[in-house]
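Only one chain is given next, in structure tokens, and it is the form predicted on its own.
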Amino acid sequence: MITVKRLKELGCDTDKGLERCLGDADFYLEFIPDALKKERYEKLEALINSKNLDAAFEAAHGLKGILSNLALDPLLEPVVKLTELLRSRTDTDYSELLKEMWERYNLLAAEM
């Protein structure tokens, strides 16, 4: 089971995340599994790969909001990059950013 201490060790800004949850660590930690639902990331990747950039932007933007609120910074970084490229509907090779997203996702999800 993930702890606030372990999230901090992994580079998350847990002080900021806890502040948003009124300092309640248990409350904060309740949201982590939902933020790390694999289906969210699989959907984003599938939308990008199918060139549905409008829907991919919406998926990335939603993930960005969740990760930002919980201050899961390691995973937030590649999602922000994806979101900004998708915001302008940039038709590019997203594979490196997706790879980075999955590496960071796996790092955090392994703690669940």
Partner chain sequence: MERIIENRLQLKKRVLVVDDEFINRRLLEKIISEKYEVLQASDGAEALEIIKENRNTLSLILLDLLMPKLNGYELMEILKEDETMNRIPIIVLTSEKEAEVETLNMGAADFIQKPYDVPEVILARINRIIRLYDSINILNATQTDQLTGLFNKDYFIEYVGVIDKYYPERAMDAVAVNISRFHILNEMNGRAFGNEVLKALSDAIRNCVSERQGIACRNSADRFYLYITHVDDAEALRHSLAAGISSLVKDADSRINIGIYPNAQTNPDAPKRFDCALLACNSLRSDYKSFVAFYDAEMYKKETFAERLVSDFDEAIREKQFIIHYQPKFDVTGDTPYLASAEALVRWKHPELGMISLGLFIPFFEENGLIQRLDRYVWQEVSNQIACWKKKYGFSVPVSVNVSRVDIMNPGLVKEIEGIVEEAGITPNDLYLEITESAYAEDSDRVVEAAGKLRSLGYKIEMDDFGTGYSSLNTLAVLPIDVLKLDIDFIKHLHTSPKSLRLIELVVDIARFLGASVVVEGVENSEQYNTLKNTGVNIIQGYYFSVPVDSEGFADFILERIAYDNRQKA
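No experiment lies behind these values; they were computed from the predicted model shown. Numbering follows the first chain given and starts at 1.
There is another form of the same protein, the form predicted in complex with the partner chain; it is not shown, and what comes next is about it.
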(message) What I'd like checked is whether E19, D34 and R87 together line the partner chain in the predicted bound form, meaning each has a non-hydrogen atom within 4.5 Å of it.
(response) yes
(message) With the partner left out here, check for me: in the predicted bound form, does some heavy atom of D24 sit within 4.5 Å of the partner chain?
(response) yes
(message) Is R40 near the partner chain? Define near as a heavy atom within 4.5 Å, in the predicted bound form.
(response) yes
(message) Even though the partner isn't displayed, in the predicted bound form is K81 close enough to the partner chain, meaning a heavy atom within 4.5 Å?
(response) no
(message) With a cut-off of 4.5 Å between heavy atoms, is N52 one of the residues that contacts the partner chain in the predicted bound form?
(response) no
(message) With the partner chain taken in the predicted bound form, which residues across 66 to 88 come within 4.5 angstroms through any non-hydrogen atom?
(response) I66, S68, N69, L70, R87
